[in-house]
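Just the one chain here, the form predicted on its own, laid out as structure tokens.
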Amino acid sequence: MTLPGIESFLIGECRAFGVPVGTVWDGWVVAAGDPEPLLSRAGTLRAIVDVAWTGPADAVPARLPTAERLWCENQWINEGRRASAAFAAASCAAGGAEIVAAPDGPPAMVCIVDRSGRALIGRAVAWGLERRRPYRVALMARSLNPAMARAMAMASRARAGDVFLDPFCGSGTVLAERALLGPCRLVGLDIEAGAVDAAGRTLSGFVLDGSRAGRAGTAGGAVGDDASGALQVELRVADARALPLPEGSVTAAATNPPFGHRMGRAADNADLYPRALREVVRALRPRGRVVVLTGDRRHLRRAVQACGSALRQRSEARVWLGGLEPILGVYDRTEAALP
């Protein structure tokens, strides 16, 4: 199980770790073989379920394994009309089990419903894997789901030696997930000093390839790790609309700007998005890449258009994230100058 919309990243991890992939549907990759390699290495993995049955939610067979507690989830908020039938079917399948909305531990059995009304029922083998990251010591309100942050880092085309930027770094989840993909220099910026401090706590003591990163400074100095140089961290309080970075100094960027819904105001994004994206594009080297996750599609698309031929869209996907349906946009920096 992963987040709906980023299945392709989990498929890539499955194949990289030798796990054969079969059917793929909203948030799920049905695979055969030993899932053990994925448990400690697949960053987009959220859960593993031993599937008992899949099919239409209103056609669950009467005889299925029973459980004391059943967790039901409707993956897409715009398809809530399908949930009631699925819940009823799942309740019958579980033999009158207690249905829990948000389990505090691994549920015995789960029922997941996709946009087409198809259900998956099975026993939970591993649950909540994305919440077990050891770096998660400084969570803030609206901290990004680590599985989504890993997908963003992967989409940035992570390469050894990257200078990787997050201009809205928050508590540093995207930066931490990029560090887990290999040696790089991390540049995290945020307009809130409290966020920069939280990111420093997230990245301090971070272990990468056996090396421990040093203090993550908040005054603007680059802080390296011990003798290996595997990880460098630079954190600053800065406005994304005026990045304190030279032109062409960044090789990749990924960020999660305010949606204007649960954080920030949509009216402010009309100014924030085009100015911030333009600054990121200015700082990117040609053939660099920027990944943006936002629920404000309108202002992101206007910001991309304002960059003209300097930015080329590579992909755009709708994802499901904690009751919201933002888009994950991937864009490449071209050789063209900013208009």
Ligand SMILES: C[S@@+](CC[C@H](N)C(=O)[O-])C[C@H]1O[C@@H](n2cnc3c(N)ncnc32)[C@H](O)[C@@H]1O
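This structure is a prediction, so every number in the text was calculated from the model and none was measured. A residue's number is simply how far along the shown sequence it sits, counting from 1.
Same protein, other form: the form predicted together with this ligand, not shown, and the subject of what follows.
Interface stretch in the predicted complex with this ligand - options 155 to 163, 177 to 185, 140 to 148, 117 to 125, non-hydrogen atom within 4.5 Å: Careful reading of the contacts points to 140 to 148.
Non-hydrogen atom contact residue 251 with this ligand in the predicted complex at 4.5 angstroms: Close contact is absent here: in the predicted complex, residue 251 is far from this ligand, nothing within 4.5 Å, heavy atoms only.
Partner contact for residue 49 in the predicted complex: this ligand, 4.5 angstroms, heavy atom: Residue 49 lies outside the contact set for this ligand.
Partner contact for residue 241 in the predicted complex: this ligand, 4.5 angstroms, heavy atom: Contact check for residue 241: yes, within 4.5 Å of this ligand in the predicted complex.
4.5 Å heavy atom contact, residue 169 and this ligand in the predicted complex: So residue 169 counts as contacting this ligand.
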